[in-house]
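What follows is a single chain, given as structure tokens, in the form predicted alone.
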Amino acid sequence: MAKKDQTIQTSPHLQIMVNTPLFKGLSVDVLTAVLNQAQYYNFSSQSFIFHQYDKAENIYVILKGQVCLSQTTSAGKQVIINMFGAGDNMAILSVFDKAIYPLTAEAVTDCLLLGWSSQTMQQLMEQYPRIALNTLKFITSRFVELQDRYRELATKRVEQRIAHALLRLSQKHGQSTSDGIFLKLPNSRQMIAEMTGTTLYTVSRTCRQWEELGLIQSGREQVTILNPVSLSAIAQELPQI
């Protein structure tokens, strides 16, 4: 369950907001004014921030933690659409009247979020048109991203889709180590299966093969990409280096 927190230093959060798609290009004075209209929310790991089909009431920016966005099909199957982290904004469609959340957002780790009500964000957009322009750009970019994901599902082999998913996650959530790019993901293989439209068995079999080839190293709730160049070659169906 969310808990509001009013005793937080704001300076580091302004730095995060500067690079958030929703607020790019705004001056520090404007960012400060926008931040003053926000509420702070704490969500514990495995708690839900919002549910698919609920009335969309808030727009969020993640300050700390990871959030999994998923959708449940009419057949009851869960599909993971994306993983968000610090600096990402969520539920931007909430700004539209009578909007509903098209996805479910679950805190993967303990999370700290900024939130603005729909009405507050509408007022901010009227006051600062740059936010409205950023919103349009963001929605367009998400539409293009979903088109790319659909094309992957329709045209790529399962090994390519798994490689693409690992590379996307590593770009956003990976940490560089002496061994490679480290990813901490709860229930990692099941999560990758739901992101790529395949089964846990297929992901496990593929990961074992890549481990034997020295491309990755996986463990409980973690994956290390040892050879990102070769993994990228698989994703693009190129000869491995």
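Residues carry their position along the shown sequence, with the first being 1. Owing to the predicted nature of the structure, the values given are computational and were not obtained by experimental measurement.
Keep in mind that the form predicted together with a further copy of the same chain is missing from the display, and what follows is about it.
Trainee: Considering non-hydrogen atoms and a 4.5 Å limit, which listed residue (I81, A86, L167, V158) is close to a further copy of the same chain in the predicted complex?
Mentor: In short, I81.
Trainee: Since the chain is shown here on its own, which stretch among 36-44, 171-179, 212-220, 66-74 would lie within 4.5 Å of a further copy of the same chain in the predicted complex, judged by heavy atoms?
Mentor: It is 66-74 that comes within 4.5 Å of the partner.
Trainee: Quick check: do Q52, T140 and V144 each get a heavy atom within 4.5 Å of a further copy of the same chain in the predicted complex?
Mentor: Judged in the predicted complex, Q52, T140 and V144 all sit within 4.5 Å of a further copy of the same chain.
Trainee: Although a further copy of the same chain is absent from this view, report whether T135 comes within 4.5 Å of it in the predicted complex, heavy atoms only.
Mentor: It does: once a further copy of the same chain is placed as it appears in the predicted complex, T135 has a heavy atom within 4.5 Å of it.
Trainee: So in the predicted complex, is a further copy of the same chain close enough to R130 to count as touching (4.5 Å, heavy atoms)?
Mentor: Taking the distances in the predicted complex, the answer for R130 is no, it never comes within 4.5 Å of a further copy of the same chain.
Trainee: Is I192 close to a further copy of the same chain in the predicted complex, meaning a heavy atom pair under 4.5 Å apart or at it?
Mentor: No, no contact at 4.5 Å.
Trainee: In the predicted complex, is there a heavy atom of a further copy of the same chain that lies within 4.5 Å of any heavy atom of D110, even though the partner is absent here?
Mentor: The answer is no: D110 has no heavy atom within 4.5 Å of a further copy of the same chain.
Trainee: May I ask you to list the residues of 84-113 that have any heavy atom within 4.5 angstroms of a further copy of the same chain in the predicted complex, in sequence order?
Mentor: Sequence-ordered list: L93, F96, P102, L103.
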